[in-house]
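The form predicted alone is given below as one chain in structure tokens.
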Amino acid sequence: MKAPLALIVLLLLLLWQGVHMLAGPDALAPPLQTIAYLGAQLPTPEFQAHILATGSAFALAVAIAIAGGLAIGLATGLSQTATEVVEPLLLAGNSIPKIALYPIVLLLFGIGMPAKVAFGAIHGVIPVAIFTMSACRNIAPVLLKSAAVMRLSRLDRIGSILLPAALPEIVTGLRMGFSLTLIGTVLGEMFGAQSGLGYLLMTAIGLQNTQVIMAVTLLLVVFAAGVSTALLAYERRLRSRT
């Protein structure tokens, strides 16, 4: 498993170097130079302040997205009628370009942390809810009938039957929600913040500073890919047990 991953990383670095050689240094910084620059910037207080701003906003946004998505998905997944009513609304909401909602988010929350958190959570809550609802709907009917026979309460059904049986698909939703929440948080910083990696990225774009652009992008990609890979491995482990 480690060897294929190392090979993929090596191929991506070679591809990055090849694109750099074709496009030139003004369009794309080379990989080794970008890695060295990022390594030099990480210990600096200014760069750490931007990381902290993004990290704190993202942590709040992903917590809201996961809690809200699970609550909606579990509550509606227990009822066929509720699923038929709520699912089309969620699918319609998921199809809306979230960037179109950003002016409304700014009007409601203003420029700063609340807007970043809200915009990030908006991106992640619907996918988590949809996957959770689908997971509940796909649970074997015999399990639900057993819960009815045992007269389990709603909370007992969720904790004893729904969550264990639906966990693999729920983790898939969490993985999607995590990635989309990160995208939403960074986008929120790009257009309505005065700190954070998104703000730093937008400033670098305005100054055409390819080195900063590539360093921030690399940091975000490594973080997102690392967490997503861990969640995917956990999901596969869960599915192998079923």
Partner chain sequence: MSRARRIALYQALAVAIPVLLLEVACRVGLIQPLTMPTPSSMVVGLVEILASGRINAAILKTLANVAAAFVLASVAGVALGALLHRAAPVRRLLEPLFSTYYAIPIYAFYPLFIVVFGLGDAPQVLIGFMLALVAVIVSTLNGLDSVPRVLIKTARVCRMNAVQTATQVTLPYAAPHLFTGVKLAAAYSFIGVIGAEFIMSQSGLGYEIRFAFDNLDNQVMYPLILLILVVSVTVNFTLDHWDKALRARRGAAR
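Positions refer to the first chain, counted from 1. Note that this is a predicted model, so its numbers are computed, not measured.
There is also a form predicted together with the partner chain; it is not shown, and the following applies to it.
**Student:** Picking from 65-73, 51-59, 34-42, 177-185, which part of the chain touches the partner chain in the predicted bound form when contact means heavy atoms within 4.5 Å?
**Tutor:** After filtering at 4.5 Å, what remains is 177-185.
**Student:** Would residue 46 count as a contact of the partner chain in the predicted bound form, using a 4.5 angstroms cut-off between non-hydrogen atoms?
**Tutor:** Flag for residue 46 set to no.
**Student:** Applying a 4.5 Å heavy atom distance criterion, does residue 217 contact the partner chain in the predicted bound form?
**Tutor:** Although the partner chain is absent here, residue 217 would touch it in the predicted bound form, with heavy atoms inside 4.5 Å.
**Student:** I'd like to know whether residue 138 contacts the partner chain in the predicted bound form, with contact meaning heavy atoms within 4.5 angstroms.
**Tutor:** Although the partner chain is absent here, residue 138 would stay clear of it in the predicted bound form, with no heavy atoms inside 4.5 Å.
**Student:** Quick one: does residue 208 come within 4.5 Å of the partner chain in the predicted bound form, counting heavy atoms only?
**Tutor:** Contact check for residue 208: yes, within 4.5 Å of the partner chain in the predicted bound form.
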